[in-house]
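Next up: just one chain, as structure tokens, the form predicted on its own.
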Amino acid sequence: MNARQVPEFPQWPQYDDAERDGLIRALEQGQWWRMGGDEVNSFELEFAEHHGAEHALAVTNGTHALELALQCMGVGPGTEVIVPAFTFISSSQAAQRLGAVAVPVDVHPDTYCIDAAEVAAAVTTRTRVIMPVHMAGLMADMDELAKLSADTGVPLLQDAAHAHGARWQGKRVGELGSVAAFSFQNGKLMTAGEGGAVLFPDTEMYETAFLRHSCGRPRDDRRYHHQIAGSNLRLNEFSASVLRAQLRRLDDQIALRDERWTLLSRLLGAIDGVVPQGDDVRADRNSHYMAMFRIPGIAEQARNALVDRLIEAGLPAFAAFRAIYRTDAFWEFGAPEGTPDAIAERCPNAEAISQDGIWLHHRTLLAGEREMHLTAEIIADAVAAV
């Protein structure tokens, strides 16, 4: 392959004078933590408005966002949290670190999002929260999940770490009536290196979360009156200033990624043996955190070798997440009864996707049409050589 055939992708993270100006603004205000500065407060207001939520609380990272939200929703020892079997491990570990049992259920083979029917079968009297993950920016079936939540009385916590700016039937994440958690880790759709946020639909839970994320201490406390148990999960002013700039370019980036995915998914679908991630027309705005596809029937070792070849050819390629029950971390504490193989029998789709799935970083979708064609050609050649 000659140099002219190597795709050129933009770097990530992206930044310009907006981030530089924000960092100087945070520096020169003289207060670098949220209790004295303006950047975190301003970012929370802007992020909540952008997503149609009543309240947003910025925190240290996306894993802490999930953990804090679960704690405020009553998750703890003796409770269960239903999570997708195919997801990043933070979805389950956030519950397990609170002493709860994480219960994996299967996902749809085309969208990779949690299967509402499988969730319904897994609900017990100990279930405290149902956690759908909007995989790769494609929102889970929020209609069926909302109905199930209403029927069972078990609330939803949207793991929206991939879904900044996404919509379901015209509704933004914060307009769906449930708590939602976001990540701003370095690879995410908007980033400050690390960071997270939780959207709350009601003031009472938001105020509880504020106390817990600030060591249980009220905003105006001067006498160390820590009202409830908590931790220091506060975001700093510098990170918030960067996130404010990142938020302003989010919509334009989503529009470009959506346009490029329309082309790339068509090209991938034309390759023998390649199946791109499916769609749900009700998810009318997919933020495309990943460009995901499967090679059904490929063995995991061969998939991993294929990913290595794609990287060597210049693609930012990764193996799909390992099914959470196939990790040692999942079984350290807070695991359900049974064995990995027993759970795998109940989760055949998650088992398959974790072995045959591949994803490309979203910066792929910020490149030109030429790069989409070259990307598909590289993948076609690599798959043909398997």
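Remember, it's a predicted structure, so these values are computed and weren't measured experimentally. One-based numbering along the sequence shown.
In what follows, reference is made to the form predicted together with a small molecule, a form of this protein that is not presented.
- A residue is said to contact a partner when one of its heavy atoms sits within 4.5 Å of a partner heavy atom; residue 88 meets this definition for the small molecule in the predicted complex.
- Within 4.5 Å of any heavy atom of the small molecule in the predicted complex lies no heavy atom of residue 234.
- Under a 4.5 angstroms non-hydrogen atom cutoff, the small molecule in the predicted complex lacks residue 257 among its neighbouring residues.
- The closest heavy atom approach of residue 161 to the small molecule in the predicted complex falls within 4.5 Å.
- Of the residues 176, 107, 180, 133, just one reaches the small molecule in the predicted complex with a heavy atom at 4.5 Å or closer; this is 133.
- Comment: the small molecule is not present in this chain, but in the predicted complex one of 185, 96, 127, 111 has a heavy atom within 4.5 Å of it, namely 185.
- Checking 88 to 96, 111 to 119, 215 to 223, 308 to 316 against the small molecule in the predicted complex, the stretch whose residues place heavy atoms within 4.5 Å of it is 88 to 96.
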